[in-house]
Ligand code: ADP
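Shown here is one chain on its own, the form predicted on its own, set out as structure tokens.
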């Protein structure tokens, strides 16, 4: 049979793994044990939910063995197994869009770190860190034929018919010189107990135990098999029995992460509904957090039987960074995924779980600033997504989100802002639509800075989508300073005489700018700058329109800004004395274009701006 070639991404991945050094190669065993556990979970579910599998003799277990002389390590399970098609799809392809991101991370010399393994569904390939050749023998449950997959991780792979007495999968690692240290009883036991102790199925290690005479020579040898993990469902155990190390160990196995979690939440609910939950917040955001195919982080069990880990109904999308387990005593074991989406019991568990997580977030925010700062640096954006999508939880989320400020270092909350407001201030002000440096330099802030009014700096792309939907925080209005009416509370009353005097100039500027602007007005917010742009109260900002276009929105209206001019600025004062309409048009065009540029907006016609500027500079 001709050798099959790996998918391009797999070849790249294997090359990087084989030719790079990692700080923690031993996680390969955690990954293979985790795969075996998943296979057992899937078959266990079928034996209780599918009539065609209920008669199957099934005693789930994972068996490890090694041969020190032959330098082999074997991991076997009696789970769901794979057929020829499954082997090609699972071991020859990585069908996930996050793979390219993973490869970019992995190829960076500064990030050759095994923490990345597993987070992109590529855990099996980590075995090539220690093996020069791998054999996988598998037989799918309900089928009579077994198949063997072979590869050296370099030149593709072969698939051949094979034999196996029962369903399940056996992975045989032919260890490299560097990997030979793992053909050792103590190494295997140590790794399993550190990373896989709470795998819900028994893990057995078979080894030869020698007896020695009084001179230290081997007298006899016998083969022993020991269970080397606790095999308990940690989430079902009382919290009083568990230590932080137990929770950390289970998290690493569950989330394929070498770091400890940032914090966790363990709950047992009794009464109308009986269920257990164990949720973790990682220290670092998953690399695929913003990918379309981001994998949910929650596993659903019913009476300790695994049901699914791919149901986005288990948690709202904005909590997709949470890892953990939900185990219900009240759902039927044969519940289907279609029923899950409409199940009232699960909906109640989901709502209660979200409330508990929000309460825990609040507790951390109020009592552990360092931990909360770490949380916000990683997960502030998903919380903002919650403000947009999850109206029912908007109030607690408003207390949790954080923003940069024009007057304070770090990030602040709405509550922090309100505590510093002036007694006569009626609104919370913010500016959005660009990067932090551009926003801080905006002319729109001049009057607020002069009056010592704090403005929140919204430099996250999602802010322009979320903030227009937040009109109030408690009794205070939330206003964007780049909106036409936001300057009404600045205390600078309209000067009717000045407005009347400058109106002819405003009319001239409006005429020469034509349909480039929606309106031209005298500004009450400018002190040092000659002009600025703002959006009409009912229009999206230009930055928002540009972002929608970049996202592929077809029907995005052409947003025209309102130009505000500073009547006290020398440039504006000089225009009044110019009779040449062409020069007025050039100056007005430059005033508009520089107002756009300072807000970080790309000019539609940069060449026209340069021509106008050059004509003015020659005078």
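Residue numbers count along the first chain shown, from 1. Quantities reported herein were computed from a predicted structural model and do not represent experimental measurements. Whichever C-alpha set is largest while still superposing within 1.5 Å between the two forms counts as the rigid core.
Beyond the structure shown, there is the form predicted together with adenosine-5'-diphosphate, which is absent from this document and is the topic of what follows.
K.L.:
Is there a heavy atom of residue 386 lying 4.5 Å or less from a heavy atom of adenosine-5'-diphosphate in the predicted bound form?
P.N.:
Residue 386 lies outside the contact set for adenosine-5'-diphosphate.
K.L.:
Does the 4.5 Å heavy atom contact test between residue 583 and adenosine-5'-diphosphate in the predicted bound form come out positive?
P.N.:
No.
K.L.:
Wondering, does residue 35 line up within 4.5 Å of adenosine-5'-diphosphate in the predicted bound form on heavy atoms?
P.N.:
Residue 35: yes, in contact with adenosine-5'-diphosphate in the predicted bound form.
K.L.:
Is residue 80 close enough to adenosine-5'-diphosphate in the predicted bound form to count, meaning some heavy atom within 4.5 Å?
P.N.:
Flag for residue 80 set to yes.
K.L.:
Heavy atom within 4.5 Å of adenosine-5'-diphosphate in the predicted bound form: which of 123, 179, 153, 434 fits that? Just give me the one.
P.N.:
Flagged contact: 123.
K.L.:
Go through 560, 569, 42, 61 and name the one with a heavy atom inside 4.5 Å of adenosine-5'-diphosphate in the predicted bound form.
P.N.:
Among 560, 569, 42, 61, a heavy atom within 4.5 Å of adenosine-5'-diphosphate in the predicted bound form occurs only for 42.
K.L.:
If we take heavy atoms and a 4.5 Å cut-off, which stretch out of 224-232, 80-88, 455-463, 264-272 is in contact with adenosine-5'-diphosphate in the predicted bound form?
P.N.:
Single hit among the candidates: 80-88.
K.L.:
Would you mind checking 152-170 for residues with a heavy atom within 4.5 Å of adenosine-5'-diphosphate in the predicted bound form?
P.N.:
Read in sequence order, the lone residue that approaches adenosine-5'-diphosphate (within 4.5 Å, in the predicted bound form) is 169.
K.L.:
Using a superposition on the rigid core, decide whether the Cα position of residue 569 changes by 2 angstroms or more between this form and the one not shown.
P.N.:
No, the C-alpha moves less than 2 Å.
K.L.:
Align on the rigid core first; then say whether the Cα of residue 140 has moved by at least 2 Å between this form and the one not shown.
P.N.:
For residue 140, whose C-alpha is compared between this form and the one not shown after core superposition, the shift is 2 Å or more.
K.L.:
How does the CA gap of residue 80 and residue 310 change in the predicted bound form versus this form, closer or farther, if it moves 3 angstroms or more?
P.N.:
Farther apart in the predicted bound form, by 3 Å or more.
K.L.:
Do the C-alpha atoms of residue 255 and residue 172 sit closer or farther apart in the predicted bound form than they do here, given a shift of 3 Å or more?
P.N.:
Farther apart, which means the C-alphas of residue 255 and residue 172 are at least 3 Å more distant in the predicted bound form.
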